[in-house]
Each structure stands twice: as C-alpha cells, then as structure tokens.
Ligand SMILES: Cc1ncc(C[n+]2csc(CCOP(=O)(O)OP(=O)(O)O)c2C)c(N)n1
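First, one chain by itself in structure tokens, the form predicted alone.
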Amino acid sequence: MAKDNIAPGKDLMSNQIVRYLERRGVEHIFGLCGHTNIAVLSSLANSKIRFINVRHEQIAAHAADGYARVTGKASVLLSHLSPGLTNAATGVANAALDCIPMVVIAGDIPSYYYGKHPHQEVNLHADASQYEIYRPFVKRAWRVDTPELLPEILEKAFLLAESGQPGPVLVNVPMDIFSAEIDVALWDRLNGNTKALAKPSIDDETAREIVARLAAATSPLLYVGGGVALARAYGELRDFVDHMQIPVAHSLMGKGVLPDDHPLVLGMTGFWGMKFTNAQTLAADWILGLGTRFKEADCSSWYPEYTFNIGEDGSKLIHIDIEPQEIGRNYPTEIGVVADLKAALKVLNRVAREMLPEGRKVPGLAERIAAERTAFAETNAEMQRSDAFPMMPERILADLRAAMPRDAILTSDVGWNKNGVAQQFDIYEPGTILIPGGFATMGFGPPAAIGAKIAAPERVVISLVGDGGFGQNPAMLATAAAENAPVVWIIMNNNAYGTIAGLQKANYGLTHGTTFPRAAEPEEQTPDYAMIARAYGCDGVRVTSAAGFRPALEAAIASGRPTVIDVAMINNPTPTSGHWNILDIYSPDGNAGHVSTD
C-alpha cells in the first residue's frame, strides 16, 4: 500500500502486519475478500506472501488446515466479518478438534461503530462480540480494541497456536485498525522475541518406571494417536518399538504414524477397527498411550467388552500427552505424564537402551501379527479383484494403492473413504494421510488436498472422497485451477450419504433423506462431476468400468493437471468389529449395524 503523508517512524497497520508475517516465514495466506479486510489484501499485493483466493470461506479453512498438517506450522486464514467468519467456522472447528495450528485474522466493523449496528454486524444480543462466535472451539479469541495492542496480540496468537496442544486462535480486528497508522517501533521490539517455545519432556526417574513396567509386562501394548503426528515423533516412535518389541495399535488419527508395513503394527481399534486388533487391546496387561484422547469410535463407546478394558480388573494404563486434560479423561491412569511426544520418546529410548542394552525379545510376535494381517487381507481379496461395476470399494482402494507413489499424500473425507482407508489401506510414509477425526467434517478432504499440494508441490496429492463430501465444496476446483494445484480427486460415488444410508437401512428399513435420485445407468447419473471439473478449468474423467479406473488414475497422476475422477461404487458397508453406542439407541433389542443399500 502507498505510504503518502504518513508521519516519520509510523506505517499503516496493514503493511506492518504483512511485514510481521513475512518475518515469521509465512509464505501463503488462505482467505476471501470483504470490505473489512481489503487493506490487508492491498498490502499483500507488494509482498512475497501468496494469497490463496477461494470461492467460499469453508474452502479456505480446510485448505489452511491441510497446509498446516503438512508443514507442521500454523497456517494463516484471512476472513471478512460475520458471514465470512461464520462460513469459515466449520473448517476452523474441524482444525480445532484435530489440534491443527492456525491463526485466523478476521476483519470486523469499525470500532467507533460498536453499538450502532452497522452493515453486516452480528448484533442481536450483544454489541462488539463477533469474536465470541469462535470461543467454544478456538484456543483463544482476541478482540483488538486499540492499534497499539495488535503487535503483541499477533505474537501471542502464533505462540499459542503452535504450543502445547496445538489449535486455531482468532484475532478479531476492526477494519479501522487495519487502516490505522502505527508506530513501527511497536513491531520492531518483537524481533528479538522467541518464535517457538521449548517443549516439556520427561524426567529419567519416570522414564525408568515406564520402561520397567513395560519390560515386566506379560502382554504390553502401545496405543498411538494423532499426538505423535503433531509432535513429528515418527522416528523416535519407531526406535522405541523396534527396541522394546511391543505391538502397536492406533486410533483413527494415529493411522500411519508407524508405517503399516512395520512388522509390529496391529491396525486400528474400535468400531471400524480390526477384530484382531481389538482382541489384543483387550488382552494387554499394560498399555502405553501416546498422544491419544481415547475417543469414542476408537474405543467402542468405552464399553469394556469390545476394545479396552482399562481399570482395576483389566489393563493398566500409562498415558503421555502434551495436554493434561486428556490424561484420565476416559480411562483411569496408573502413570500420567504431560510431555511433548518427540521429547519424551527421546528420553524413553535412551533409558530403554540403558536398562535393556539388548532390547526386549519376543520370539514369534512379528510372525503372529503377519499371519493375522494376512488372514484379514484375504477376506477382502475377492472384492479387491472384482470386475463388478459400479465398483467394489475394496477394488478402488486396491487399485489406488497400486498406482499411488509410496510417499504421496492422501486426504480422506468421511464415510467409506475414511473408515475403509483407516482399516484396509496401507500408509507407508508417516504424515502422508490427512483425516478429519474429531469433527469428522464432510467436505474436508477436497480443499485440504489443495492446501497439502501448495505446502508440498513436489509430492503427488490425492483426495479420496464420497459424492456427498465432494458436493459440499465443488467451488474449490476454481482455486485448484487458478493455483495450478494438480490434485487428483477420486469420487467414490455411491449416489448417497452412504454410511448413514446403510445405518438407516439396517435400523429402520429405509433410506429416506440419505440417498439421491438414481439414473437407469451409471453414466447417466447426475450431477456429472467430471463435467463440473471441466467447467472449472480442471480435467474430468467419468469411469465406466472397473478395468478403466486404474489407467485413468495413472494418467491423471502423470498429467500434472488438477483432475476429478468420478467412479460409480457399490454402497457396501465398511466391516465393523467393535461397537458404537448409537446402535443401542436405534435398535436396543437387536443387533443391527450397517447394511448395503445397493
């Protein structure tokens, strides 16, 4: 922005915000314009920071979420007031429940109009309270009341978003403050401040107690969650597992923190987990939980007979997490430790090698796990080879795994593409699977893939999504085309909100409101998502046979073009071996679950 008539030693606030973000190493900002934030956009025009323009704020929030998961740093989301902020709320809440760091900078009405109810203000019950909309899910919501406070608030915002249990924060700025003159010295004094806090670790005495308990256990087990990914503790986890020879089960969000082809990986627990995995967690005498909340679906609604039986008469729990509120929330804990997982595992590895120089030996353990995993894979082998069309979901996953590079990034959405992937799809490189866990937001995967691709342009990025999920935010294709972000979206199209349709069919005998009108032939089904993709300037392919899917996928990956592949799918349910309390609510006297609606 121009600096005409600005006093010496001062600058426009919007210019200084942009300079501050540049000094923090911010390279991209996601968002959508509005009259309250165009001062910031104008300052960005002369910056090396790239503004990722979108057609809906939820797209910006999900893209910023995916970006932060790949970079491991707080992403930045720029929003307009009221409808812009509420449009973004779902995506920001999704990031919050998965502990993804994000700084949301939102414009607001002019501060001198508080109480007058100007254009677009949220004001039915309180004045100057727009920022409170985000209060239930962000780590902190600031309302900037004077220009002089903004520099230190923005500094605090980044530190809080990235520290402890990460998550989004909101900085709510009246538009007149964006355009105010500010003393540059207020920003300069932040230059010497640390931009990252040292993370808490574990003391040697506690580490020795943990290693001793695990070494003396008859059937110990590691249960790992998304906290391992947030801490980027992949190598440390692997070293500990290899030395202690303890089998590893994981939550949904812990998928891929240890490669699925590691010999000691059991698989996912809970409702959509593997029967063998749930049996091992039930049989464990000591469980070391690492970065996990022990959430409902992962724990079969905490019913002690299905997945975990932790307590006085069952397994004993050691729980390490960065957030103290997670320890003991759902299960009694023998040893609770508040620590960063990367730092804690470094100490545990050192202590384990001191106490057990030769490691812990468990003859035959890896062979037993391999046999069980092979047996489970064989239950899906026929469907993975099926030439049926619409395609079997297992065939889609098998062909995708065969065509996808080992280090490619995969985003899932919700439904078959989330539950089936977590249960049946091997992830080989830690950090390459992005899943919406806590909020389970339909529509997360497609825009999150754009954010992932912008963060890692050298990597193949694939979005696996249902037709229900893809239909939430198809306008993200405009951003992909504009940014030349060659994501491949695979739409597992069962012409329904398939998981919910299967649940309703099993428990009520119908699919009212959960399926869409069906055409006589798959190629006549509307909407034609391939055609929609082409209208936005992307490539689009509608698959017409099972044999045609993999060649279309391989061609899309090779093309370097954003491509939508629409493939008709049979709506078979993902197999379940655990339990979910909702089944007791819907059919308290029966054994209904999910069934096919095809």
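Just so we're clear, the structure is a prediction, and the values are computed from it rather than from any experiment. All residue numbers are counted from 1 along the displayed sequence.
There is another form of this protein, the form predicted in complex with the named molecule, and it is not shown here; the text below is about that form.
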**Item:** Segment that reaches the named molecule in the model of the complex - one of 499 to 507, 219 to 227, 348 to 356, 479 to 487, heavy atoms within 4.5 Å
**Value:** 499 to 507
**Prompt:** Should Val241 be classed as touching the named molecule in the model of the complex when contacts are defined as heavy atoms within 4.5 Å?
**Reply:** no
**Request:** May I ask you to state whether Asp467 is within 4.5 Å of the named molecule in the model of the complex, using heavy atom distances?
**Result:** yes
**Prompt:** For Gln472, is any heavy atom within 4.5 Å of the named molecule in the model of the complex, or not?
**Reply:** yes
**Request:** Examine Thr441 and determine whether its closest non-hydrogen atom to the named molecule in the model of the complex is within 4.5 angstroms.
**Result:** yes
**Request:** Find the only residue in Ile433, Ile109, Leu400, Val414 having a heavy atom within 4.5 Å of the named molecule in the model of the complex.
**Result:** Val414
**Prompt:** Since exactly one of Ser251, Asn494, Thr277, Ser463 fits, which has a heavy atom within 4.5 Å of the named molecule in the model of the complex?
**Reply:** Asn494
